[in-house]
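The form predicted on its own is given below as one chain in structure tokens.
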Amino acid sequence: MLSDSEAAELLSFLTPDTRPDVKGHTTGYILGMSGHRDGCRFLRSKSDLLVALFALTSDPSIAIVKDCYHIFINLSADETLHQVLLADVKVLPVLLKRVLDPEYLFSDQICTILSNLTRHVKTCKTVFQVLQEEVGLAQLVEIFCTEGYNKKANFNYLSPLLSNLTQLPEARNYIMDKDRCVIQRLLPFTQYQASAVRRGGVIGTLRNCCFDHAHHEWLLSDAVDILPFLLLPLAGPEELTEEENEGLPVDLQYLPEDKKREEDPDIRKMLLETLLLLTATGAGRNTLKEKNVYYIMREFHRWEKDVHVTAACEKLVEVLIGDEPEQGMENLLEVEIPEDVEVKLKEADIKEQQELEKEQERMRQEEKEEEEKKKRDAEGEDKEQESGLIR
């Protein structure tokens, strides 16, 4: 890594008055450093370099600004740099102000940095506090939901930012404020085909909100009607009986033959986990049973190939077809589990994960062997055709 004198020389090249080509070579070099862990850790100890680089996000050269933003994306992906970026470089007020500018060229890069900075609870709290002081969560949601707010940005990474922020009770309280109609504006994005990042972030936000069981009845009521938005991405074109269809939410009835399911297995798993959270209360379980969710899950289970997603589906089905918990244990999120039982459950979860990974590896191996067999068969046919032509 660089010596102190070499680092000082680099710093001397990161001034507004330095020739553009020299600045460009310097930012390009530091961008390469930031792409691996040792480089990030070195830069962590050089806050004067980071302050100079951040100042260059206002440089007249678009190429230099782009390099600098990519450096900060890399640095913000390393949790050990978060406090340096927030306390020493003080990136938040500037970034938040810029993201509001409908003409700003690098809003998407800013969203990525903010998303990275909010992955862990400690820095997430700091970001949320400054966000509320400088901009307000309401403004971010408005930008996220306004198509064409900035023609140079898509704001898809605001979605994982919202998901990260809803780790915090205060952010969830805002999203689920009954007077603001925020969560209702997010629901359509569970099927936003143009971006898996946007879909996944919104579904992550909904899942976090569903940890607050006090809101379950409201979320499932007509005021929000969350259920169809969670079920539609999991529903396919399979034909159900008239009786099975009529019990479903209206949007799930008689789906067309070309209906496609969510293609990302991680997103499918999050949807199932969100539905499972909604079954934590008696009212939630009753609603999902009355709305014939089981029949959607039955067809989904037949279709699903990913073992981790299948396991999540089976947990939900167990609740839907199982007996109600005994009196006093109706709210599954409030049940106190003895310490020794909790240890055994964690051990069982670890064992289950290991078995699922083995099963997934076995399935991958079978698919690989099948592909190789098809390839060999095809090559054999080609050779037969060639020999027939040569005769």
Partner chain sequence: MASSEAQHDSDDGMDEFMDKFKTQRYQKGFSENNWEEEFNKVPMFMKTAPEEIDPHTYPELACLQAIIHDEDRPPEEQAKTLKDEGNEFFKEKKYEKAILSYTAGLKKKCGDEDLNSVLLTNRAAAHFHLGNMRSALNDAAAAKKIKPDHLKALIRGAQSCIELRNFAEAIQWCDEGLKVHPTDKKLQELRAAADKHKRAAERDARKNKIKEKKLHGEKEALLAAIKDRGIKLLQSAKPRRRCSDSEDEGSSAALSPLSLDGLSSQEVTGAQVFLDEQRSLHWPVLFLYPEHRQTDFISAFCENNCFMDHLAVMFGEELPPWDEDRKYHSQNLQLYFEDEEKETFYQVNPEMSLLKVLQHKRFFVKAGTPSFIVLVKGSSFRKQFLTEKKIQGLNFPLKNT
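The structure displayed is predicted, hence computed values, not measured ones. Positions refer to the first chain, counted from 1.
Keep in mind that the form predicted together with the partner chain is not shown, yet the notes after this line are about it.
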| query | finding |
| --- | --- |
| Residue stretch of 292 to 300, 165 to 173, 253 to 261, 98 to 106 approaching the partner chain in the predicted complex, non-hydrogen atom distance within 4.5 Å | 253 to 261 |
| Contact flag, residue 229 vs the partner chain in the predicted complex, heavy atom cut 4.5 Å | yes |
| Residue 181, heavy atom within 4.5 angstroms of the partner chain in the predicted complex | yes |
| 4.5 angstroms heavy atom contact with the partner chain in the predicted complex for residue 133 | no |
| Contact flag, residue 222 vs the partner chain in the predicted complex, heavy atom cut 4.5 Å | yes |
| Residue among 120, 90, 185, 305 with a heavy atom within 4.5 Å of the partner chain in the predicted complex | 185 |
| Heavy atom within 4.5 Å of the partner chain in the predicted complex - the one residue of 318, 142, 243, 79 that qualifies | 142 |
